[in-house]
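A single chain, nothing else alongside it, follows as structure tokens in the form predicted on its own.
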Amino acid sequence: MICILTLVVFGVLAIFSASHRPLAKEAFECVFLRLTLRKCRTGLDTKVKSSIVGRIMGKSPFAAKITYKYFEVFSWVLVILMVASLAYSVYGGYNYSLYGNCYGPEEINAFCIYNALEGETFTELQTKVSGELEKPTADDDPYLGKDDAKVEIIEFGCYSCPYSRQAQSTVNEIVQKYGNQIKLVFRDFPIDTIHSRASLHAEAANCALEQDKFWEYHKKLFTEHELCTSAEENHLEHIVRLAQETGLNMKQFSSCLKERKYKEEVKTDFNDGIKAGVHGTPTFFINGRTIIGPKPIRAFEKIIDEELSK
């Protein structure tokens, strides 16, 4: 079965070099004959066997003897490993296209080679949590949907995080699709060590909440936040302008922001996130099941549908 490996190797090389095309053709003919239960007449398998054994002989005659004796067994093992690797790659690619992960939507810490194609997919905070993790609750934070919905989604997000912002289009789709079947809660997880003034934006959103305009202001922050990093207006000016555009009572809003009225509220959200094992934004808990990063909507749908069907 060494011809199968030879076909793969020379087939790839033949794409880039014409000198390898005759060998690829010979390997194909050999594989075809073997698959139809006929002996390979090209002699390619014998030539490859002789070449490999000859190279090993120069380093270890004993190893060369074993290789020669069990060459067909080794060939089968290599072919099986190659097929398994190919199947594993296809399986990982399929999951990645659906869920943004090689193993499924919830395998958040598992290695996935396809991640290298996109780089980072969430803003990561280096944290150390001692003891058992605590399942997060909705607390008294703002939510969309039905309070006693069967499925509760808690998002820990940071207004300054580009990945949190990227995830919002998917969040909007989820809300539109499931409506009152879910309860979507937003909790603050500002990563000030990475994103400048992240807590200030979170506190501003809470000031909008006390005027019953949280979600309108929340949407503007995620939609326009990147604009405030492009100079011209500073963070505070940006926050105030969005408040004016949202139609907030500016005297009340400015007083709330100046007093940092919701500093402790934001801190509570952050600490609850740490206790729940949050180490990056955005992080979603769907009835306690975790998704990290702006995953495709199918990753969310799979879990939500499973929870609704229980």
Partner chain sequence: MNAEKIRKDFPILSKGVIYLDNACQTLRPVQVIDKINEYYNDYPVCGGRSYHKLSKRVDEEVTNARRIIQKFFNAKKVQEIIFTRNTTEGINLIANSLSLQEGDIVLISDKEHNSNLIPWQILNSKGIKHEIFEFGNIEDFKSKLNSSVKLVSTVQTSNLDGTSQPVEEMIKLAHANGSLVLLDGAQSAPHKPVDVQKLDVDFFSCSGHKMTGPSGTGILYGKYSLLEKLKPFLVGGDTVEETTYEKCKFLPPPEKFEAGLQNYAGIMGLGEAVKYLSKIGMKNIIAHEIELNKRITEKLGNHEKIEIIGGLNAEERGGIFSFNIKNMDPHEVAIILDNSANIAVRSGAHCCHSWFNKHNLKGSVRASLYCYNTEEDVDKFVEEIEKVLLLC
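Note that the structure is predicted; figures quoted are calculated from it, not measured. Positions refer to the first chain, counted from 1. Rigid core: the largest C-alpha set superposing within 1.5 Å between the two forms.
There is another form of this protein, the form predicted in complex with the partner chain, and it is not shown here; the text below is about that form.
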Within 4.5 Å of the partner chain in the model of the complex by heavy atoms, the stretch out of 248-256, 50-58, 279-287, 263-271 is 50-58
The partner chain in the model of the complex has a heavy atom of only one listed residue within 4.5 Å, and of Lys275, Arg241, Lys65, Arg34 that residue is Lys65
Does Glu265 move appreciably between this form and the one not shown, meaning a CA displacement of 2 Å or more on the superposed rigid core?
no
Once the core is aligned, does Gln244 move its Cα by at least 2 Å between this form and the one not shown? no
- Message: Quick check on Lys275: with the core superposed, does its CA move 2 angstroms or more between this form and the one not shown?
- Response: no
